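In the C-alpha cells that follow, a single protein chain appears in two forms: structure 1, then structure 2.
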Structure 1
Amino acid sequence: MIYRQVFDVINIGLVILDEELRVCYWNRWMTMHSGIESKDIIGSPLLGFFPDIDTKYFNRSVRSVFKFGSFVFMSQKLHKYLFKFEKKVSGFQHMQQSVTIGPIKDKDNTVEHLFIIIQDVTEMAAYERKLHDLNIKDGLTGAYNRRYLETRLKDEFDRHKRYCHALSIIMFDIDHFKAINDTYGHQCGDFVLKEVSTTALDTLRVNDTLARYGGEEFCCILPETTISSAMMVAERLRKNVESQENRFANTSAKVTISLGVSELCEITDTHEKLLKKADDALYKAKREGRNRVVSMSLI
C-alpha cells in the first residue's frame, strides 16, 4: 500500500476490511491502542478479536456500506465507542470515539472493501461533561443545583403521577448553621456543607437525587419510594450526620440536621405542592426542637 507511511503516522485509527470482515489493513495507531500487531490480525476476521463489535447496529451498517456504498457515522454522544480501548479520563473507563465507516470502490465502482476511521475524542467528551456538570451542579458541595432540581422534580412528578408510582421528597437543613459560621468562620462553614453533602450522597441510593436548595438547605428526590421508606432513609441520614466529626483544622464542628418528608398522593396536582409540603414538614421539625424527622400528609 503506497500510503502506508502516512497512514502509520496519522493520529487516528484506520482499519480496512473485506466483505468477509477480514482485516486487510491495521495501522500503527490501532496497534498502539489495542496491543495487537498488524501481522497478527491481518487476514483474520475482525470479530474474532473484538466480539463486542458484533452487534445488530454494526452488522447492519456494514451491510449498508457494501450494498449501497453509503457512509455510516457513529457519534460519541450516541455510541460512546466502537473499539473497547482502555483510557481512564475524567470518569471515563474507555476511550470515547467518533467513528466513520465508508466504502472503498474498485475501478468499476464496485465496493470491494470498507474502511473504519476511529478518532479519539475522550478529552473533548470529558471537557463537555465538565461544562455540563458546571451547569447543573453546585460548585461547593457537588450536589445538583436548584435549577436542575426543579427540572428533575417536575420530570419525576409527571412520570410517577402518570404511572401511579410512589415518589417521596426529603427536605433538610443544618441546625444552627449561622452559629458555625460565626464561631469557626465561613471556611469551616463551607467545609461542613461539603461534609454533610458527602454524607447525604453516601446515604442515598444511586437513583436518588440530592440538590442544594439554597444556603444550608438540601432536597432529596426519592423515586419509587413510599413515605414510610423515605422516613427510614431520613432517619438514617439524620443519625449519620449527627455522628460525623467534621474536623476542620484543629476544630471538630459537630452538627445536626432537621428533616421534612412528603409523599406524592392522588390529590397532589403539582410538583410545587409536593415540595412545599416537605418544606413545611422541615420547618415543623425545627419548631419542635430540631435534629428530628417529621412527615406531613398532603391534605
Structure 2
Amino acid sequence: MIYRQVFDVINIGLVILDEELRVCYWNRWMTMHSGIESKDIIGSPLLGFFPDIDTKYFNRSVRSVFKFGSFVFMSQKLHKYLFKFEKKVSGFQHMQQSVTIGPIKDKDNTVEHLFIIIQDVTEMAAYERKLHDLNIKDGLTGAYNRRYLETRLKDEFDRHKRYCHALSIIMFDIDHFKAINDTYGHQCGDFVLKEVSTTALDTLRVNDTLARYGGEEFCCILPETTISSAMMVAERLRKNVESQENRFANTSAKVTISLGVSELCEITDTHEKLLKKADDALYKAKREGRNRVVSMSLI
C-alpha cells in the first residue's frame, strides 16, 4: 500500500484493528513511542500488549464503532491518554493524548476494521494547566485566589443545600501581621504567609479548599463537615500555626492566627451569609484577644 509512506511519516499515531482487536496496522509513530516494532505486533491482539487499555470504556467505544459505524472522540481532559507512553512534561508523567476511534467501511458498507488516531497533546495540556492555575491560584502562597473561592463556595453551597449535607467554612487571619512586615520587612512577611498557607494545606483534608481571601486573611471550605468537626479542625490549625518556627534569615518570626467558623443552616441560607457569619466570628476572635477560635453560635 503506497499510502503507508505517508502514514509512517505523519506526526500522529495510527493503528488499525480488526473485529477481534488484532493489530492490522501500526505506524512508525507508534513504534517510536511504544518501542514495539510493527512486525512484532501485527496479527496479535492489541490488549495482549496493552492490558491497561482493556477498560469498560474502551470496550464500549469499540463496540459502538463496530455497531453503529460512528466515531468516538476521547478527550484528553477526561481520559488523559489511551496508550500509556512515558513523557514527563511539567507535572505530567505520561503523554497526554487526544484520540479518535472510527470505522473503516468496506465496499458493502460493513465495518470490519476500525482505526485509532492518537495525537500527542501533552504540551498543550501543560500550557492549559499552567493558565488554569494562574487563573485560580494565588501566586505567592499557592492557595486558591479569592475569585476561585467565591465560585467554589457558591457551587459547594448549592450542592450541599440541595442534598441537605453539612458544609462549614473557616475564616482566619494572621494576628499582628503588620508588625511582622514592619519589624522584619516585607520579604519576611511574604515568607510567613507562605509558611502559614503550607501549614494550613497540610492540616486540611484533600477535599477541603484553602484560599487567600485578601492580605493576610484566608478562608477554608470544608465539605461534608458539621460545625463541631470544623471547630476541631480550626483548633488544630491554630495550634499548628502557633507552634511553627517560621525561620527567616536567622530570625524566628512566630505568629498566631484568629479563626471564625460558620456552617450552612437556616440563618446562613446564602453563601454570602455563610461567609459573613465566619467573618463576624473571626472579628469576635480578634476582639477577644486573638489566637483563638470562635464559632458563629457565639455571635
Partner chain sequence: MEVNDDSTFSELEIDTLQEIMNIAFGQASADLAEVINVFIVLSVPSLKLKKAVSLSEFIGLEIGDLKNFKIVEQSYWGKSKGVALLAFPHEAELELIAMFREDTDMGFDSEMSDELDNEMLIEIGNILIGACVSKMAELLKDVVTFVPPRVISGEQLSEAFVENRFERESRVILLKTLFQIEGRELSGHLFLVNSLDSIHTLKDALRAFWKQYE
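Start at 1 and count along the sequence of structure 1; that gives the residue numbers used here. None of these values were measured; they are calculated from a predicted model. Whichever C-alpha set is largest while still superposing within 1.5 Å between the two forms counts as the rigid core.
Colleague: Just one of these is the form predicted alone; is it 1 or 2?
Modeller: Structure 1 is the one predicted alone.
Colleague: Using a rigid core alignment, state whether the CA of Ser252 is displaced by 2 Å or more between the two structures.
Modeller: False for Ser252: its C-alpha shift is below 2 Å.
Colleague: Rigid core superposed, CA of Leu47 - does it shift 2 Å or more between the two structures?
Modeller: It does not reach a 2 Å shift.
Colleague: Superpose on C-alpha atoms and tell me the smaller rigid part's rotation against the larger one between the two structures, in °.
Modeller: 17 degrees, smaller rigid part against the larger.
Colleague: How many Å does the Cα of Asp106 travel between the two structures when the structures are matched on their rigid core?
Modeller: The shift comes out to 7.1 Å.
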